[in-house]
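As C-alpha cells, one chain now follows by itself in the form predicted alone.
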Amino acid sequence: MPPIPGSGLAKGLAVTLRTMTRKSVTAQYPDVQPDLPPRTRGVIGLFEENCTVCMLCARECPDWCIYIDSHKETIPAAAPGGRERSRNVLDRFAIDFSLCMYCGICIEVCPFDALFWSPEFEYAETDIRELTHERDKLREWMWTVPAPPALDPAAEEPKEIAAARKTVEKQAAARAQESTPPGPAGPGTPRSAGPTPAPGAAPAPEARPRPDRDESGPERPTGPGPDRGPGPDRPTGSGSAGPAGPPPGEGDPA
C-alpha cells in the first residue's frame, strides 16, 4: 500500500504538540547532583589490596586499555628451616578511559574482587592523553563504590566471614586460657577413680587382701658350722693342689 502523502508531516506535528503540553524538567547540574541508579557504570575503581598481579584483566580486555607493571619480591621463611617464597608486587595499574568501552569484562574475570564499578562520572579532561588514570586515582574512586545489597536474612553465611569469625573466636579462647593461672590441687580435690567402664561391661572383681608375709623368714643359725672332722686323704701327685709329699728318693732305702 503506498504511503499517504503528508502522513510523515502529520506524525511530526503530533509529537511536537504532545511534547509542548508536558511539564518541563530542568536538572540543576552541577549544583544538584543527579540521582543515579545504583548499578550505574561510571568508572572502574581499584581495590589494590586484593590485586595479585595475575594479569587476567589486562589479557581479557578487548581494547587493551589496562596497563600493569610489577616486580617479584622474596619473602623470608616464616619458620626456621623453611623455604623462601616470592610474590608479585604491583608497581603500576592504569586504565586508559579514552579506549575503554565499559564492557565490564575486566571486573567479571577478576578472581580476587579487585575491580568494581563506580557511579562516578565527573572525570572529563581537556586533553585526551590525560584520560589515562593511574592507580592512585582508581583507588580514590573505590570510596564512591556503593555498598553491596543486603543479604537475605535466611541466606547462608559467606565462607569468608565464617572463617574469619572462627579464627577470632579461637584467638580469644587461647588468650583467655593463657591469662587464667593454674590453681594448686587442694586436699579436697577428688581424685580420678580410674577409667569409666563401658556400658554393659562386667564389673571388675574386687581385690582380695593378701596374707601377711614374714619378710624376715626363719632365723638361720649363725656361727661356725658343725665339726665335720678330717676328710679322707686325697692322693697327692704332680699337679695336685694338696700338701706336697716327700721329695723323691728321700725315703728310699740306701
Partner chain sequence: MNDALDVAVRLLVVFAVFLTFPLIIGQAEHKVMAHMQGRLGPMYAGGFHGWAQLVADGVKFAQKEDVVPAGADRRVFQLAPAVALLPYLLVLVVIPIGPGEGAVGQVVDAGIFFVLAIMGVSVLGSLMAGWASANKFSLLGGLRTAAQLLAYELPMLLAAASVAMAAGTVSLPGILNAFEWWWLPWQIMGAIVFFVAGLAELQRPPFDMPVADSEIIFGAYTEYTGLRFALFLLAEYAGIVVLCGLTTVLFLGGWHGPMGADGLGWVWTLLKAAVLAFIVIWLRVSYPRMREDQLQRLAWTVLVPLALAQIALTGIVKVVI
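Since this is a predicted model, take the numbers as computed values, not measurements. Positions refer to the first chain, counted from 1. Think of the rigid core as the biggest set of C-alphas that the two forms share within 1.5 Å after superposition.
Beyond what is shown, the protein has a form predicted in complex with its partner chain; the following relates to that form.
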Would you please decide whether E49 lies within 4.5 angstroms of its partner chain in the model of the complex, comparing each non-hydrogen atom pair? no
Going by a heavy atom distance of 4.5 Å, is D31 a contact of its partner chain in the model of the complex? yes
Stretch 1 to 15: residues contacting its partner chain in the model of the complex, 4.5 Å heavy atom cut-off: L9, A10, G12, L13
Quick check on D31: with the core superposed, does its CA move 2 angstroms or more between the shown form and the other one? yes
